[in-house]
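Next up is one chain by itself, shown in structure tokens, the form predicted on its own.
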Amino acid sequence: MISFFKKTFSGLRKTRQQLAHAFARISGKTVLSPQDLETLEAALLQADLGWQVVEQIMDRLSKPDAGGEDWEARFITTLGAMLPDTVSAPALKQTLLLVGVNGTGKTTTAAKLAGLFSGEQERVMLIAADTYRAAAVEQLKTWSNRLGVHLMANTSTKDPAAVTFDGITSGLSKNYERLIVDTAGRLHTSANLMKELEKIYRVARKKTADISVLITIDANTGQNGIQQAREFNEALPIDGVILTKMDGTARGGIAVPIMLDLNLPVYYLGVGEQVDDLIPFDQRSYLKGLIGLREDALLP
């Protein structure tokens, strides 16, 4: 099996190519010219590291005492010092409620999570609470059969809160160690759909307080993903983020402003279509993958 580091490294390929080109232009220089700084700043912004983060990095790199020729190491040192310690991110709880806008890969992510936890010998139940898309239920059926995990679905009702309530009730009574609830994608600007999501969460809380709410964000959406998380967090408490489609974007730096601006941990990265292409987020692997350092390289 490919290591999590190698998958992280591979998933950040497009982002890394963009940043590597910018750093290659300044390689060997001891002082950066205004044009060098402008080129590097543009690359960091295009990677979606965010304005505030980029300003701090550029401020450090532009100082006369920045010194040396290893600008990649200086970049990692500066960025690493800004990031929170992800090791302290709270452990995920028994019930996982997946939320997010349409098209972020939520249903596929639910299945991948089921594969990840069942691979750790946990008894997993998938709960199909996306009652708007018949394809979502069929998709989870296919995945559940493939993974050998139980699926709770009820095609006779359109009430996702009822499906969630019944699924959690059944899962708890049968001592499942992990319950994964897939909800319908919804725009954060739709008041009615957000109220429905509030109801789903409220009903779930009647059965258990052991719930982690995770929002799936398509890494291709960049800074818009941060606004999505803010809006969803007004409807129910978001505990963490899963960044999907990292392998298809040059905006892989989005994990940084998510952690800093939203003060939320990134729990997983989606780096492909296969069941094992959902990998736990590791900050050190992420930083190395952004800039292209080997797995055994020591961070400054």
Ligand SMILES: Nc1nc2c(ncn2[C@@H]2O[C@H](COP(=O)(O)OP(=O)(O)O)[C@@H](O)[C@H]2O)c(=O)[nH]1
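Keep in mind it's a predicted model, so treat the numbers as computed, not measured. We number the residues from 1 along the sequence you see.
Absent from the display: the form predicted together with this ligand. The rest refers to it.
Residue-level contacts in the predicted bound form: of Q139, T131, Q94, T78, one residue has a heavy atom within 4.5 Å of this ligand, and it is Q139. If you check this ligand in the predicted bound form, you find no heavy atom from any of T15, H21 and G292 within 4.5 Å. Contact with this ligand in the predicted bound form, defined as any heavy atom within 4.5 Å, is confined among 196-204, 152-160, 172-180, 107-115 to 107-115.
Interface residue remark: G270 is counted as part of the site for this ligand in the predicted bound form, having a heavy atom within 4.5 Å. This ligand in the predicted bound form comes within 4.5 Å of a heavy atom belonging to N102.
Contact annotation: K245 falls within 4.5 Å of this ligand in the predicted bound form, judged by heavy atom distances.
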